[in-house]
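The form predicted alone is given below as one chain in structure tokens.
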């Protein structure tokens, strides 16, 4: 593995779309007791179901702490690779590398990670183990790595169509805890240079009460070039209504990098999901403070799905809109099997299926493929 100080776009590398072919997927076995209730028992079962489905069509690599390796190996299918690696939590989307490709080879980007806001409004401290994971994973996979630790970015804050357009939210990337000394224009230029993008779409908002400062992967996702799903509610009394409406207005009045109008498919949200007293009782405190309060609204969204080679894995919440979301996504992904997975026990940790996964693109020159 080489540490690179050049710029991906100048080297001919770009971030492919999630719906493009994958070699595999990276995940992290859950363990943090102030994130996952009752010692992460329920979360582990939910993660294992996600892993089982993804592993049907692509390689899954699961990172587990030393103390959790045996449990992970016991719970997970034989075709899943389990490796020992320390982490602070289990959000692979945000701490694993963002992979870029030139069509023949892949490289990783090692962004800076500060737990979604550092000392300004981050969610935990310390975060040093998480901040080392991207480079360790690139070393494990034997892929060269762009050193961009000077720039704070999480994988859940960006989506790419693979054709020059990248999406993010203003509420996240312009937040005070990430890159406060950079202007919007400067941040956009970094995204273009490192993701090989020609245009950045800045949606104004994300999902209400999303503690990541409203990541893009909860509100909107590409389903194909120039087509997206947008989380939506018709309830004008819900604070989410104005947030989604502002995103719809933006998307309907912009174009992608190729000048195409963007087709927006409304993806209904579940009814508000709130934490129960029993769930809160199963969570450890963080520095003497509760991590969840009974009645607290969680950022539940069907847009937080993962696209594998053979499936689309969609969060389910026991809500009347569960089946509607599956139907909409089945129509948008006719060549993949759309699978609903009950994900409340993942959501209690703060994110969902997309947040716990990070895809590894397929590339003919990827050495690890040849060794597998």
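Numbering follows the first chain given and starts at 1. The shown structure was predicted, so the numbers you read here are calculated from the model rather than taken from an experiment.
Note that the form predicted together with 6-aminohexanamide isn't included here; everything after this is about it.
Asks: Would you mind fitting 6-aminohexanamide into the shown chain by superposing the local C-alphas on its pose in the predicted complex and telling me if the pocket reads open or blocked at 2.4 Å from backbone or C-beta atoms, 3 atoms or more being blocked?
Replies: Open: no clash with the backbone or C-beta atoms.
Asks: 6-aminohexanamide is absent from this chain, but in the predicted complex, do 94, 123 and 212 each have a non-hydrogen atom within 4.5 Å of it?
Replies: Heavy-atom distance to 6-aminohexanamide in the predicted complex: all three under 4.5 Å.
Asks: Which of these stretches, 140-148, 204-212, 250-258, 98-106, has heavy atoms within 4.5 Å of 6-aminohexanamide in the predicted complex?
Replies: Selected stretch: 204-212.
Asks: Decide whether residue 351 counts as a contact residue for 6-aminohexanamide in the predicted complex under a heavy atom distance cut-off of 4.5 Å.
Replies: Judged by the heavy-atom cut-off of 4.5 Å, residue 351 is in contact with 6-aminohexanamide in the predicted complex.
Asks: Evaluate residue 360 for contact with 6-aminohexanamide in the predicted complex, applying a 4.5 angstroms cut-off between non-hydrogen atoms, and reply yes or no.
Replies: Heavy-atom contact with 6-aminohexanamide at 4.5 Å: absent for residue 360.
Asks: Spell out, yes or no, whether the shortest heavy atom distance between residue 111 and 6-aminohexanamide in the predicted complex is within 4.5 Å.
Replies: No.
Asks: Taking any heavy atom pair closer than or equal to 4.5 Å as contact, tell me whether residue 25 reaches 6-aminohexanamide in the predicted complex.
Replies: The answer is no: residue 25 has no heavy atom within 4.5 Å of 6-aminohexanamide.
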